[in-house]
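Only one chain is given next, in structure tokens, and it is the form predicted alone.
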């Protein structure tokens, strides 16, 4: 590998890897046989500084598989803990993930590259350190779909596959996703050292995060509380983004929550077709712990766990630290409510903020919930409503209680007329925030089944489609349809 052809590594003092042990440990990846490139993200590669000519070379594929290392960078994995379904688990860590590089992009943005599925690490426990093609396709597509929707998220640079067998619920084949993010530090990284009573380890980790990613707070005497307040508000706004898109994460453990407020670790996630406020996508979540309507609460609960783990940074006096943490946590509700209302108003095409908006929004959501109406299409079709035209929109045919919908629609039209809504401009604005195309599970499953047969073309087609989720894209209308009524639901679990 010629290092001059590859993006520039961050200098060692700036790297996360410079923290060294016990935050991270050097650990080699485990090579895979007969690796093939399933797909490479050309746009992200360019942003990172890759020469496009490199993307299909053996050297690039070997790097993305973990079969070769990046010159000048030690491959490492990190230690973290976390609350899983409300229960603290003290030793999780990067069980099947390796950091392979930390880059300085031309625009000054810093990036970390991490392989997922690249072999065992000290935190693999009884796992094999591998990822399967099925789950890797889901993560690869979801990262870029969410990015195109404007949701903070980790990104995906490349996906490679191997015929090596991997046992999950059935025998499958291996794959590796190369994920990219400014940082992969999680809430659980801080929990790890707090619950080990290694409180002196918290400050170096926090100082790295602040210096690298929150430099506006670095010189402040109250830098830890200022930083944590920003993390809490980012998390709250992320929860609002998920809710507005009908996105269900599936496993909102604290070890899956990013310190930067990014969507992290796509497992049994889903974008809802039929709207159900109690919808879960992880079939093992029998109690609905991480259901759609609980996501805002779980986000708040997870922030409380982060504040608990960082109490030693907030004040030497325990009571004073709790006071500061309580005040910081109180910022979550305000940030969430403001962002949630902003997003719902935009989805309904409301330009002005009015006191009665919450009632109007909630009545509409209740109609969708009781009708199990298709979530993406319902908002997209709502843009067809005209403020002065009493013609029934086609959305009405999908509502179980037409009389209730008519009453709501009358109030909605009054609201639109009150702010002198321009129908055409409003429709364009609504279609710019209500996607026509989302990564529905049946679409991902079709791409998976074809890829398992050696045909990666549907992965590429979906990837390109989802890069422009708000555009009409003539000829692709079938991808905006919900699954057929008689379609067998896709079963998802943590192995997904």
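All values derive from a computational prediction rather than experimental measurement. Residue numbers count along the first chain shown, from 1.
The same protein has a further form, the form predicted in complex with a small molecule, not shown here; the description that follows concerns it.
A.B. asks: Wondering, does residue 173 line up within 4.5 Å of the small molecule in the predicted complex on heavy atoms?
C.D. replies: The answer is no: residue 173 has no heavy atom within 4.5 Å of the small molecule.
A.B. asks: Is residue 282 one of the residues lying within 4.5 Å of the small molecule in the predicted complex, judged by heavy atom distances?
C.D. replies: Residue 282: no contact with the small molecule in the predicted complex.
A.B. asks: Residue 256 near the small molecule in the predicted complex, any heavy atom under 4.5 Å?
C.D. replies: Answer yes; at least one heavy atom of residue 256 falls within 4.5 Å of the small molecule in the predicted complex.
A.B. asks: Can any non-hydrogen atom of residue 129 be found within 4.5 angstroms of the small molecule in the predicted complex?
C.D. replies: Although the small molecule is absent here, residue 129 would touch it in the predicted complex, with heavy atoms inside 4.5 Å.
A.B. asks: Consider the chain as shown here, without its partner, and state which of 273, 144, 112, 265 has a heavy atom within 4.5 Å of the small molecule in the predicted complex.
C.D. replies: When the small molecule is considered in the predicted complex, the option within 4.5 Å is 265.
A.B. asks: So which of 393, 95, 74, 182 reaches within 4.5 angstroms of the small molecule in the predicted complex, heavy atom to heavy atom?
C.D. replies: Flagged contact: 95.
A.B. asks: In the predicted complex, does every one of 84, 124 and 168 come within 4.5 Å of the small molecule, counting any heavy atom?
C.D. replies: So, yes: the whole triplet contacts the small molecule.
A.B. asks: Any idea which of 381-389, 248-256, 414-422, 156-164 reaches within 4.5 Å of the small molecule in the predicted complex, heavy atoms considered?
C.D. replies: Result of the contact check: 248-256.
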